[in-house]
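Quick setup: one chain, the form predicted alone, written in structure tokens, and binding and motion questions come after.
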Amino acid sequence: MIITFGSINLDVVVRVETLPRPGETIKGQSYDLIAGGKGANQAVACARAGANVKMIGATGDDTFALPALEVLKNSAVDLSELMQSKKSTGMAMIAVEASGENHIVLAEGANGDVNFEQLKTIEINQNDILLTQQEVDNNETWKAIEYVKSKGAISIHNAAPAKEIPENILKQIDYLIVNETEAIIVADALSISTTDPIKAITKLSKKYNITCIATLGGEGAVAFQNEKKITAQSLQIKPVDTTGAGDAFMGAFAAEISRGSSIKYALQFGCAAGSLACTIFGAQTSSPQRKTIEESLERITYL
């Protein structure tokens, strides 16, 4: 089982020709309300990639909760441990330009009430995976990682949005996944000075004896495990919306690790899922089904 511990949002998405500069107002033709939140996005991605998934999170008792949970429910994610908060359901305001790049502003809401105590009603063992990000209270995330490690489970952590990770927590993470910017920010906070994301994850992997992975957008991904470099390539696609691509990678990668696949295959599986997500508008709605990912891999020679 994969236990996803993280945020649940409703995304307000506006398509624009170009992203606004500071102080600038940009006109969009319309907006969409789309289920989001990095935790929920990754839970959906895991489920669509074929994994058994339980979501740990919180929503408000408001009109936004139902649409925020709709895709999770339709993807057969177990929501039995969700908390209902007195705060409003979390929201993200997203502007997406014609190239597919985006700007995102988050309103935390109920996500601020997510806590590791929600894990204590679940039977957790060494066959389980905890999947975490950094959109809920970091202290609760660190406690969640410590708790599941005490049960012998695997920890996969996505350092997004990028913030400092305590050294004692890093040592308990089995897989640390970052993009190019996050790699440098996380390394710098730990006094590893470099402007090269590959060097950053190499040093992090070596110093803390963990598997570090950097996603590189259209260039694929690279991992360092036991001082060994492992690479994977992205699919050749025309991006429509990059929102959620990293979450699609995370979910697909975690799903393959839970199936006992090699890190090489899991890395390529994740890259394919992330690429496919860029061809569809939205976050959760863009995560591909397992069959689609497998069919895309038939066009790649990677082993």
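This one's a predicted model, so the numbers in the text were calculated from it and none came from an experiment. One-based numbering along the sequence shown.
Keep in mind the form predicted in complex with a small molecule is missing from the figure; the text below concerns it.
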All of 4, 128 and 255 with a heavy atom within 4.5 Å of the small molecule in the predicted complex: no
Please tell me which of 92, 187, 169, 95 lies within 4.5 Å of the small molecule in the predicted complex, judged by heavy atoms. 92
Heavy atom within 4.5 Å of the small molecule in the predicted complex - the one residue of 106, 154, 210, 222 that qualifies: 106
State yes or no: in the predicted complex, is some non-hydrogen atom of residue 243 no more than 4.5 angstroms from a non-hydrogen atom of the small molecule? yes
Taking the shortest heavy atom distance, is residue 251 within 4.5 Å of the small molecule in the predicted complex? no
Is there a heavy atom of residue 38 no more than 4.5 Å from a heavy atom of the small molecule in the predicted complex? yes
Residue-level contact is defined here as any heavy atom of the residue lying within 4.5 Å of the small molecule in the predicted complex; does residue 9 satisfy this criterion? yes
Of 71-79, 137-145, 98-106, 194-202, the segment with heavy atoms within 4.5 Å of the small molecule in the predicted complex is residues 98-106
